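Single chain ahead, written as structure tokens, the form predicted on its own.
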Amino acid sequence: MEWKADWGLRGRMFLTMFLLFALYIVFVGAMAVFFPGRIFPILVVMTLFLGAQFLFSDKLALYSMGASEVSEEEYPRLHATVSRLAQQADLPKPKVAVADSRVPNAFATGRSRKSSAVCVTTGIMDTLTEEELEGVIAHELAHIKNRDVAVMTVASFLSTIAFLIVRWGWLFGGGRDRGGNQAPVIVAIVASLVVWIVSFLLIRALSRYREFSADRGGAVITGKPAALASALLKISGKMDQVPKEDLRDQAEMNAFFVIPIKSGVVGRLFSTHPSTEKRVERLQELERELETQ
């Protein structure tokens, strides 16, 4: 099985980014109408925020998980696995990080292939066999090869800004107790809420497809779809045994995890990932394809 460009993923990325860019224009236009004297500083703040988010996304992701980069002396087998799979994927070797957490999970981060990092938790290393862990690491390398992390970082920017305005927009009116004209602020908050919902749905649609694509990419790198399927089932089952406070602390990283943290019926409905059952089903189809080749 050879690595092939996923034109379905590229098409969805282009369409999503185009729609989000159009949404940016509408959003900035709305801010210019409601805050004509403040649009320039707002744009400056948004640009600085986007730049910082893009440049430091890898460090922010590792920090939020309490993870740190580890050396070959500390984790020689993990480094050897990442190095071998990166070579098979025709990628530069990413940084290797470990998070001391009972939550069995992994993620990739970084704005480019050269600045990327693959992080695994101590929980996932204790849970999976060596072959299953290889499948998960290959899945994360497929995300790096597809440039998913950079795309999702940029795509989620507008959603983050809109959410901040929904949450803190009342401050633009000079405070709740000053009795000023709050109508423009209220309209701006409502517009931000609409923008947040639309961008949220666009990002969710893209995110689910990229997980299928990364599963396939990981299976191509290792040639063992069944190992990744087994890992997904094992991680999904193990989540129920992790203390809820540990899950809550790391839920904000859901979009980047190999398996998202479960959060009830509504959470599953708007999940960034397709269901584990569907992912396993597709991996089993890949396994059958390999057996017939």
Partner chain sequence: MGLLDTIRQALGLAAEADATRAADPEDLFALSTAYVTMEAELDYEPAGEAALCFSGVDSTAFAAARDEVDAVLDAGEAETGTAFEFRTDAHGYDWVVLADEDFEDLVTSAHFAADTMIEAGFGSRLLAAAFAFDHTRTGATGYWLYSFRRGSYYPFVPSGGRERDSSAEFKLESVLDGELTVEDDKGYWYPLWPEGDAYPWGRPLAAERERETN
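Think of the rigid core as the biggest set of C-alphas that the two forms share within 1.5 Å after superposition. Worth saying up front: this structure is predicted, and the values here are computed from it rather than measured. Numbering follows the first chain given and starts at 1.
FYI, the form predicted together with the partner chain isn't displayed, but the following is about it.
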If contact means any heavy atom within 4.5 Å, which of 187 to 195, 95 to 103, 156 to 164, 219 to 227 contacts the partner chain in the model of the complex?
219 to 227
Looking in the model of the complex, is the partner chain within 4.5 Å of a heavy atom from each of M46, F200 and H273?
no
Taking the partner chain as it sits in the model of the complex, is L85 in contact with it (heavy atom to heavy atom, 4.5 Å or less)?
yes
Going by a heavy atom distance of 4.5 Å, is R208 a contact of the partner chain in the model of the complex?
no
When the contact criterion is heavy atoms within 4.5 Å, does E134 count as touching the partner chain in the model of the complex?
yes
Although the partner chain is absent from this view, report whether S115 comes within 4.5 Å of it in the model of the complex, heavy atoms only.
no
Considering only 142 to 159, what residues come within 4.5 Å of the partner chain in the model of the complex, judged by heavy atoms?
A142, K145, N146, R147, V151
Once everything's superposed on the core, is M125 shifted 2 Å or more at the Cα between the shown form and the other one?
no
Given a superposition on the rigid core, I'd like a yes or no on whether V280 shifts its C-alpha by 2 Å or more between the shown form and the other one.
no
Aligning on the rigid core, do we see the C-alpha of A155 shift 2 angstroms or more between the shown form and the other one?
yes
Can you confirm the direction of the Cα distance change for R12 and D58 in the model of the complex, closer or farther than in this form, given it is 3 Å or more?
farther
Change in CA distance between Y209 and M17 in the model of the complex, which is 3 Å or more, as closer or farther:
closer
